[in-house]
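We give C-alpha cells for two forms of one protein chain below, kept apart as structure 1 and structure 2.
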Structure 1
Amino acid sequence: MKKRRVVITGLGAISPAGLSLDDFWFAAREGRPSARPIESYPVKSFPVKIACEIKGFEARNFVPASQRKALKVMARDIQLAVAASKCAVDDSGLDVASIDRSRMGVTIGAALINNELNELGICIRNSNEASGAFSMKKFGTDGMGSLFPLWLLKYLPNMPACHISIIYDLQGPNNSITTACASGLEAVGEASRIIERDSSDRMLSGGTDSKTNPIALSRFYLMNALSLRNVPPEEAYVPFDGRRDGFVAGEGAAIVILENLDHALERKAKIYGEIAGFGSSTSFNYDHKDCKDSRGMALAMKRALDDADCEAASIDYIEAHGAGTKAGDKLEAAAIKEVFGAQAGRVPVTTFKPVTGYLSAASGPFGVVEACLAIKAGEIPPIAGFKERDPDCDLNCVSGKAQKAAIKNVLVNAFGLGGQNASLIVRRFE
C-alpha cells in the first residue's frame, strides 16, 4: 500500500524563552540562552545553581474551565504538555469539535516524571522511626499512606497523552513513548507512521519534560552530566564548543499537529512542512561518559535518509541533539561524519538547546518546531553562546547570527543518554 503523505499544520511550544511560539523563535534566531540562577527553591548547599526555568506559567490559563479540576492530578510535565497542545491546536486553526475524532489520536513522548518535594517530603518524614532512621516497613504503611489517593496518577508518564485526549475527546490511537531523550522524536515519528498506514487522519504529537525539578537535577548531577560552570549562566551550556562541560537542565513542551495531506489541503490549512523520513536505533552498552561507538546514532540518521529517499548531500542543515557533554557531542560529531562523509564539513549544524536547556523527552519535538520555523523564515538559527571551535567536533556549527539559507530538508536528531536514537527529516512542502 502506498504511504500517505503526512504534513505539519500546527505548532505549540512552551519554553523558558516564553509561553508562545513567537517567544521561542525570537530567542532561537537571536541566539539568546535562557539559563538563569534557580529561583523555584533554595540551592545554597547544592553545587548546581542555574537552570532554564519557565517563568509566569499558569496551567489554568490553558485548560478549559470544565477540566480545571483535573489540574490537581497533573504534574508540571503534564501541565506543560496540555498547554503546548492548546497552542498547537490554536495555531493549526483546526476545529476539533467538527471533525471525526475517532480518526484523530495522540502520541506523546515523556520520561520519568519527578515527584514534588513537598509531597515526597511528607512521605519520607512519616517513614522514619522514633530514632530518625528511615524504615522501609513504615514507608509501606505510614509513608505511602500519607499521600493523597490519586497521587500515582499525577506522575505516570502516560498521563500527558491521556489528559490531552480527554480534553479534546480524541478517540483515535493513543500512545506514550518513554525512550529517554529520544522519546518525543520517536513519538512524532510513530505518529506519522500511524497516518501513513491510514490508521488515523490526524495526530497530536510531541514531547514534554521538566528537568529543573530538584530530584531530576540531583540525578543528572550524580551522572556527571550537568555543567558546573555556574557563572555567567548564559555561557554555561555550549554544545559542540570547546568550553563545554555538560548541559543545563530545562523544562518545556513542544507539540505538533500532523495531518494526512489530503485532509490538510481540503481544509486549506497552512502547512509548515512534511515528515519525509524517520529512523530509530539503539546503541548497545551506551555510557554517556565513556562511549566511543557512534554506529547507533549513525544508523538512526541513515534510516531516516533511506525512509525519505534522500541523499545526505540533500540535507540543508542538521538540527543536532547537542547534549553539551564532552563525550556526547564528540560522539554525535563522529556519527555525522560517518553519515555525511566529505559533506560533513559543509552542512550547517545547529541546536536550540541553550535557548531552552536540556529537555530530555521534549528535545526532539522542539527540534521539529525549530526546523519548521527555519524553513518558513529561510534562516538557520545559531547555537546560542557558541564561540570556541572544538577539534573533536569539527562541524560547520552556526554561530553568532542566524544564517540565511534556502532550506528544503532538515535532519533532526534526538539521542538518549541511555542509547536510544531517533532521527527525522522535515521537508519543505511543495
Structure 2
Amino acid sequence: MKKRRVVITGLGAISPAGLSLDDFWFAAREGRPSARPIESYPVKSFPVKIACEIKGFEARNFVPASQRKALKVMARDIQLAVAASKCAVDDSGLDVASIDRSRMGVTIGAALINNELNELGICIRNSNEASGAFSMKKFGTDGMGSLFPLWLLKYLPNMPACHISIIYDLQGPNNSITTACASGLEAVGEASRIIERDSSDRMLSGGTDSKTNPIALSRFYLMNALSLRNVPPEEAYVPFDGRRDGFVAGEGAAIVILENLDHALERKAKIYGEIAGFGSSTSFNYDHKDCKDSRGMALAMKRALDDADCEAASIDYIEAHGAGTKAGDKLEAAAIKEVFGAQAGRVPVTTFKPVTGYLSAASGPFGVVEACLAIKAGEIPPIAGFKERDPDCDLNCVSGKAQKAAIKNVLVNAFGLGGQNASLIVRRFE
C-alpha cells in the first residue's frame, strides 16, 4: 500500500523576535539573539537576569471576537499557540470554513504549563490563619473561593489543542504530546502519521511554551541549565560554542499546517516542503549531571533517515537541538558523528534557539518552520552569536550571516529531558 504524502502548507510563529513569521526569519537569518534583561519582573539579586521575552503580545488581536471571552482561561502558553495557529492558517490560505472539518485534526506539543503566581498567591494568602500559618481547612473554603471556576482548565496541557479545535471547529483527531523538549516535534511527526494513514486529510500541529516565568526560571536554575553570563545578554546562549555555559529561557509558539499532498495540490496551495521522515527514540539520561547516552539521539536520527529513505550524506543541513549546556551539546555532537560518520564535520549545523531562547515543547516546530523558510530562501541561517569552536562539538557550525545553499533535505532534532528524542526530515517539495 502506497503511503499518502504529507506536505507543509502553512507556517505561523510568535517569538521573542516578533509577532510574525517575517520577524522570526529576519532575526534568524541575520543571526540576532533575543536575550535581554528580564522586564516582566525584577531580578536584581538573582544570578540570572536575562531571558528571551515576547514583547507587546496581545492575544485578543489573534482571536475572533466571538472567542475573546475564552482568553481569560488561557495561560500564556495557550494564548501563544492560539495566536501562532491564526498566523499559520492565514499563511496557508486555507478557507477552513469551506472544508470537511471532520477530516482536519489538531496535535500540539505542550509541556507542563506554569501557574501564575499571583493567582495562587492570593489563594494561599486567604488560606492562612490569623497567625500566618497555612490552614488546609481554610484552603478548602476560602482558598478555593479565591480561584475562578475554570481555573484548572487554564493550565492543562491539552488545552492549546482544545481551544484551537474550538476556534476553527476542527473535529478530526485531537492529541497533545507531552514529552518535554521533544513534545512539539513528536506532535508534528504524529500529525503527519495521522494523515499518512488516512485518519485525516489535514492537521494543524506544532508546539508552544512560555518558560520565562518565575516558576520555570527557578526550575531551570535548579538544573544548572541556565547561562550565568548575563553581560552582554546577546552572547549568553551560544549552542556548540566553546564559551557556552547553559541556555537562556525563552518563549514562543510555532505552528504548521500539514496536508495530504493531493488535497494541497487540489487547492493549489503553496507548498513549503514535505515531511519525508520521522523517528522517535529513548535515551537513558535521567541524571542531567551525568549525560553519557548519545545512542538514543543517534537512533532517532537514523530512524528519520530510514523512514525518509535518505542517506546521511543527502542531508543538506541539521537543525540541531542545541541545548547550549556543556553536556547536552557534546552529547548531540557525538550522536551526529555516530550517524554521519565521515560527513559529520562537513554537514552544516545550525539552531534558531538563541533567537527564541530555550523552548521545550515548541522547540522542534520552530526547527521545522526554520527549515521550510531556509529551503524557500536557499539560505542556511547561522547559530546567532556563535564564535568559538569547541573541540567537543567538532561540527560545521554555521556562524555569522545566513549561508547560501541549495537545500533539499533538512534534519530537525528535538531531545527531551525525560529521555524522549525526536528527529524529522523536511524535504524540498518536488
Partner chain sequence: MGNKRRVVITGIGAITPLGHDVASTWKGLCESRSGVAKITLFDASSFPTKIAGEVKNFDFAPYAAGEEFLGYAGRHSQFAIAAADEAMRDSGLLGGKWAPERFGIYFGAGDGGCDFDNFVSLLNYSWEGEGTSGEIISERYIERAAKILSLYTELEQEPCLAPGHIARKFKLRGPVFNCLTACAASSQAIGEAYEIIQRGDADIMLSGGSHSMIHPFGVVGFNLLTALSTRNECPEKASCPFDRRRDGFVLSEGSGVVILEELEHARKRGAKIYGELIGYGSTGDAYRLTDTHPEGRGAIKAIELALKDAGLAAQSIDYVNAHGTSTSVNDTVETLAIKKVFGDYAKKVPVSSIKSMLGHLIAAAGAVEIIACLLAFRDDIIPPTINYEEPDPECDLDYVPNKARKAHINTAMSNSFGFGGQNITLIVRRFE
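Reference numbering: structure 1, starting with residue 1. Bear in mind the structure is a predicted one, so any value in this text is a computation, not a measurement. Only the largest set of C-alpha atoms that superpose within 1.5 Å between the two forms is called the rigid core.
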Structure that is the form predicted on its own (1 or 2)
1
Shift of Arg219 between the two structures at or above 2 Å (CA, core fit):
no
Given a superposition on the rigid core, I'd like a yes or no on whether Arg101 shifts its C-alpha by 2 Å or more between the two structures.
no
Following rigid core alignment, is the displacement of the Ser146 C-alpha between the two structures equal to or greater than 2 angstroms?
yes
I need the CA movement of Lys137 between the two structures once the rigid core is aligned, reported in Å.
5.8
